[in-house]
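Listed next as structure tokens is one chain, alone, in the form predicted alone.
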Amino acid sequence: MQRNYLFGSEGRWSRLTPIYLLIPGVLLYLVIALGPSMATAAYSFTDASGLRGADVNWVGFDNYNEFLFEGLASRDNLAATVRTLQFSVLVTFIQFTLGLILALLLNQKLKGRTFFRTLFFIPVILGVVIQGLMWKLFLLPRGGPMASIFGLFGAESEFLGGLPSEAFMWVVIVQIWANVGVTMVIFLAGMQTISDDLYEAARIDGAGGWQLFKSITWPQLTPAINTNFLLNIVGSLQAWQLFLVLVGYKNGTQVLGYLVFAEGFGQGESPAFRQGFAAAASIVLFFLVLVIGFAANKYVSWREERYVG
């Protein structure tokens, strides 16, 4: 007997139902994700300021030309692009390694491990502004806690207000502190899925600690490793809020994400609102994330096929 469903008879239902169910999600994606992205791409070819009543003129590739090739500002922009890559490499490598070490330690049956798991994860839930303000107070060069610690050893530092390279490294440290909890939790979740029988069998065969990690833990953690690798890369390439809260606009510290905000909302060297130029910078950042993300995804796919099959 043929059954009748909401969207037609049994035959048509089985063929068209997936399409009907996909329509709300596709429409939502078009409105929330693709729509603003297309609008940003269109804005990048204009001199839009975002101010009410201001004229918007079509300028072609002028914004891209200015960003990449015109004068000293283009050198600063390219330096910000290189700095973005440096920030991503440092954060990805250190956060990944530190998260793995913490997960390995807190996966042992140690007293107080639940407390330390919570302690390391707390920064994740604080929010970027609170994280930044906490560290800004902690790093006060006159009378702050870190200055007092440095004073014990006879050292001084301006921390965030010092050399650009020093301020940049402090932002790297805060970025890692703020997000290493997520990396740790993903590794811990992966470790919980590894059967104790594998470790027990390897110990019976005489495997030591390093051999257990190399032959069992590392291969079995492949999904968690790949997830953390991609999240760390993409997250660090897009980071900019901590630069705003901790350092503000300071030559020698800007990354591309912060440059987009500064140019769009008059926080850069010029107080003008240059949202068309900021849109062009965001498109450059988009292609940077796309290329690196694509290469990283190809690598983790190859790695997953090798270890998991």
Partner chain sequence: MSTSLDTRFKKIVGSESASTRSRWLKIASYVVLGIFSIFYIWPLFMLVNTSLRPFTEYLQDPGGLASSPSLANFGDAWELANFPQYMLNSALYTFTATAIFIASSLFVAFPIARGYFKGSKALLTLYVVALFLPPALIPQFQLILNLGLYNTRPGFILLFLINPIGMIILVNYMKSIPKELDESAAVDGASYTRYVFKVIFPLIRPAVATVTVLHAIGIWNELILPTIYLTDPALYPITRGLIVFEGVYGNNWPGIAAAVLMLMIPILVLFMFLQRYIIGGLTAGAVKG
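So that the term is clear: the rigid core is the largest set of C-alpha atoms that superpose within 1.5 Å between two forms. Positions refer to the first chain, counted from 1. The shown structure was predicted, so the numbers you read here are calculated from the model rather than taken from an experiment.
Just so it is clear, the following notes concern the form predicted together with its partner chain, a form of the same protein that is not shown.
- Contact with its partner chain, judged by heavy atoms within 4.5 Å in the predicted complex, is confined among 84-92, 176-184, 71-79, 161-169 to 176-184.
- Taking the partner from elsewhere, no residue among 233, 272 and 302 has a non-hydrogen atom within 4.5 angstroms of its partner chain in the predicted complex.
- In the predicted complex, at least one heavy atom of residue 21 sits within 4.5 Å of its partner chain.
- Its partner chain in the predicted complex is approached by residue 135, whose closest heavy atom lies within 4.5 angstroms of it.
- Its partner chain in the predicted complex comes within 4.5 Å of no heavy atom belonging to residue 219.
- Its partner chain in the predicted complex comes within 4.5 Å of no heavy atom belonging to residue 45.
- The partner is not shown here, but in the predicted complex the stretch 32-58 reaches within 4.5 angstroms of its partner chain through a heavy atom at 32, 33, 34, 36, 37, 38, 39, 40, 43, 48, 49, 50, 51, 52, 53.
- Positional change of residue 29 between the shown form and the other one reaches 2 Å or more at the C-alpha, relative to the superposed core.
- Remark: with the core as the superposition reference, the CA shift of residue 152 between the shown form and the other one reaches 2 Å or more.
- Positional change of residue 54 between the shown form and the other one reaches 2 Å or more at the C-alpha, relative to the superposed core.
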